[in-house]
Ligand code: PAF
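Shown next as structure tokens: one chain only, the form predicted alone.
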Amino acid sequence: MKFSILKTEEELRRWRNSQSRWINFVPTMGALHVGHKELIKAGKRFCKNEEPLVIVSIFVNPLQFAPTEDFATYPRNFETDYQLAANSGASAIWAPELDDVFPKGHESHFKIEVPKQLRSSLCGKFRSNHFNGVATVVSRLLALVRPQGLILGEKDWQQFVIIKELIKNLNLDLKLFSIPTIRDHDGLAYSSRNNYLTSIEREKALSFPKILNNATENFKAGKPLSLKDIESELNQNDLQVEYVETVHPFSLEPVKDNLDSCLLAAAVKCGETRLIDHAFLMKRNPIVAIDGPAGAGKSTVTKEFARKLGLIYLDTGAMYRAVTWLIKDSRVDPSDNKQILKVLEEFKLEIKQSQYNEQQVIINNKDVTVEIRSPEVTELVSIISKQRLVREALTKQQQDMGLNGGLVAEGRDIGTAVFPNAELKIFLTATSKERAQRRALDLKERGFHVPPLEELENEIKKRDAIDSNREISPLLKATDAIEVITDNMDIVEVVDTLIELFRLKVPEEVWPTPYS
């Protein structure tokens, strides 16, 4: 497709009206660099059914500059920008004048005021009208371009959060995609303002990401976080500190105590150049807890979700099934706690983890991956799994598996009992009729006898009642879990929904999507 250079609103309108494909939009202020190149390349990926078009805007927005800031001297390299955009796969570049974005001048247009909570910390504390200007121009650009997708970098995290909330508050029919901060080979985050740095200043600036990275590693190692020490170290490297703060990653509210995870963000001046950077502090990698009743499709969905995000898949239900199989195989009375305890003291359960295939379940050196899915085990598993000593033993084992995070676990009490601090909790469910149909298909595929659907539905209702009313770790939706009803949704649709929910809780920078 021909690369189009658009200058006016009319040229943009004609180009936009001539397109029938999905359009992803990359808004920039020009002076394009490798970070923008990666945004454009990402824009070529983010579409389900076809290769999308990517349009890049270049507009140096006067509304986000204070009178003392560098609007007049902000780098403008239009010819170089056109070449980079075209070589990176963009379909068009739009470089409007002020009157194209704000006819009759910006004073004649409505302005957007960002909620105080989102602009009162970090950069917003020192650039009073900056984010109002950003939100105003982004809403205007979106109205003119009318894209299906918006591609942003996570480098300016506060700006990313504000635009995300803008889209949500205005109820825009738009998909927001993000990519992690793109860094040069020496670790410095790409920025158009890096062009201002002298060679000596750039050497000093390199200590900025290194200091934040050291703070991240120390945090993971359990060492206390001291903002004063970080500020002192930055000053010692001849970087003038504007702020060093810890905030909640999505609400941007200050976080001072009980730090389990937060955003560490800072702004410094290196010479006359203002630089920003950040790091996400987490004690472990993210965990996703997926709960729900039997037959809701958790296993199938969770396996595919884990594969797409490169997370370890943990089927806790398989663990309970394995113990149930062992108790049944040992001819132990399911109500005899003494005998069950003896079995638990002597059993060896091994789950061979996999990011891509069904987990192999081995108990006492016997592979029972297939046997644990039999109707006989299914009938007995609710009775066994409600035993306190069984749940305590397996919950401890599951929590040990999750010490380092980086996994998605599914079951019936993952978000309430096993991983109550999971970054994302999902309650995946479906009607009993839908679940009976899925159960019948699963039995058929595994070579087992398939009872009538009415009988399967009654069994499912009975099991729901047992699971929901048991005294120990009943099936409950965690108060902070998101319910996803999967009736009339195929696997792809459910997985895509879960990935979107994951990205609302976990930035790409924390857990990048392993695109092929």
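Quick caveat: nothing in here was measured; it's all calculated off a predicted structure. Numbering starts at 1 and follows the sequence shown.
Just so it is clear, the following notes concern the form predicted together with this ligand, a form of the same protein that is not shown.
- Using a 4.5 Å cutoff between non-hydrogen atoms, Thr486 does not count as a contact of this ligand in the predicted bound form.
- Although the partner is absent here, Asp156 lies within 4.5 Å of this ligand in the predicted bound form, judged by heavy atoms.
- At the 4.5 Å threshold, heavy atoms of Ser473 stay clear of this ligand in the predicted bound form, well away from it.
- In the predicted bound form, at least one heavy atom of Pro27 sits within 4.5 Å of a heavy atom of this ligand.
- Contact annotation for the candidate site: Asn213, Thr216 and Leu264 all lie away from this ligand in the predicted bound form (no heavy atom within 4.5 Å).
- Only one of Val134, Ala85, Val390, Ala279 comes within 4.5 Å of this ligand in the predicted bound form through a heavy atom, and that residue is Val134.
- Among the residues Val138, Val114, Ala322, Val161, the one placing a heavy atom within 4.5 Å of this ligand in the predicted bound form is Val138.
- For this ligand in the predicted bound form, the listed stretch (56 to 64, 42 to 50, 452 to 460, 475 to 483) containing residues with heavy atoms inside 4.5 Å is 56 to 64.
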